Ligand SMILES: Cc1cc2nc3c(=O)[nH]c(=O)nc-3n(C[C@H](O)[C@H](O)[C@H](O)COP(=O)(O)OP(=O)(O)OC[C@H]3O[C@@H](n4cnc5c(N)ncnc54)[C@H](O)[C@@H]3O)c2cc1C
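The chain below stands alone, shown as structure tokens; this is the form predicted alone.
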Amino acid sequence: MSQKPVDIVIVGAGVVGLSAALALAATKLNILVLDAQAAHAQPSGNRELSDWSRRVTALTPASTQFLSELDAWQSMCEGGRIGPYTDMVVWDSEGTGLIEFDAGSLSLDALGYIVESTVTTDALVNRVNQTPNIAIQWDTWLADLDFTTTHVRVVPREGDEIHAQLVIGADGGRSVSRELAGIRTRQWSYGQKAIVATVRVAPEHSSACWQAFLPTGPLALLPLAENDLCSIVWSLDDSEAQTWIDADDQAFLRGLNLALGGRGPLVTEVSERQLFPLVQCHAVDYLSDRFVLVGDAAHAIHPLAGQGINLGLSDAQVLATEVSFAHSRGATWWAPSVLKRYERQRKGDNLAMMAAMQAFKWGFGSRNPAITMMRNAGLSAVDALPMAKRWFIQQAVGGR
């Protein structure tokens, strides 16, 4: 079998993998991105209810700044499919606790931006295709990784094997590259699934996010670029999720509006619904030999705060910074000491976010009356304390 040498192989052509490739491009290293899927299809330009992707992300200002540095954010905005949100309302469905955030309190134009995952991916693919030292190889399933003293042998199921100095695993929560590299994980199921769909609302969403904490899990209403369209993410216990997927549209709408409890706009129409399981997974180590993990391959968390993609983009940015700095100094840029610096910077932040999400899940899922009183008092207290409220907003927008 012939051998194709490159400097870096990135496994996974999603948002995080492509961002890592572009952030590393200035080194002039030869980068190859592998993905098991077929070539990325361009998102629909149509704007009817059924034309919007079910999978959206909430990008923080910190993430959009990084995407701007990669020259991707500008083209994303040109398509008119970015939904900025300036306000956020969060409440406990079991009581009176409520907290409201607004961008003006931090002198920001927006708290964040709701974007279809396909829009972000498409912009990054276009940027990669314009970058001479990056290539994407689609329809490439990984069969093996063989670590030698001089390189990594990347063996696809079909086609030529590839020799690289460094392999970056960016292939999601069910990472094949992580498994082949022998990195252990701690993983557990929430016993829940999330329903995602696009909905029409009346009156307009007013560029606000609405999030209810229900005993069965959080329900988020996220504003899209069209004033009367939102995306929903409704986390439900396994025993209930399939019931709502199978319900007819009118029954689903009644249940959804009942869950929202009269807060926020009324939901009047729903697209086809999709269902996916919720798990939490964290790699024990982020690196092994000449291999390093980023994004969901390193840490998959509950979507209740929408922070998964933002954590992944931070991973890509920090890893690229460390590798680029070592390369610019003529050091061994793939050395464990370089990768360890990345791991030290990112592991603490990621673990802290995962712990917070687990605490929210436990606290808001409890039906204990004492805990209900405590969490309602806590939400109301934060809403009444400007300093505490400002801190929470800073975390939500990716600040420090």
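Residue numbers run from 1 along the displayed sequence. As the structure is a prediction and not an experimental result, all values here were calculated from the model.
Keep in mind that the form predicted together with the ligand is missing from the display, and what follows is about it.
Given that the ligand is not shown alongside this chain, does Lys347 nevertheless sit within 4.5 Å of it in the model of the complex, heavy atom to heavy atom? Contact with the ligand, no.
Please run the contact check for His40 against the ligand in the model of the complex: heavy atoms, 4.5 angstroms, yes or no? Yes, His40 lies within 4.5 Å of the ligand in the model of the complex.
State yes or no: in the model of the complex, is some non-hydrogen atom of Arg47 no more than 4.5 angstroms from a non-hydrogen atom of the ligand? Arg47: no, not in contact with the ligand in the model of the complex.
Ala170, heavy atom within 4.5 angstroms of the ligand in the model of the complex: Ala170: yes, in contact with the ligand in the model of the complex.
Would you mind picking the one in Leu34, Ile31, Val338, Leu67 that has a heavy atom within 4.5 Å of the ligand in the model of the complex? Only one option qualifies, and that one is Leu34.
If we take heavy atoms and a 4.5 Å cut-off, which stretch out of 284-292, 160-168, 248-256, 140-148 is in contact with the ligand in the model of the complex? Contact-bearing stretch, as computed: 140-148.
Partner contacts for 11-32, taking the ligand in the model of the complex and a 4.5 Å heavy atom cut-off: Going through 11-32 in order - heavy atoms within 4.5 Å of the ligand in the model of the complex - the hits are Val11, Gly12, Ala13, Gly14, Val15, Val16, Gly17.
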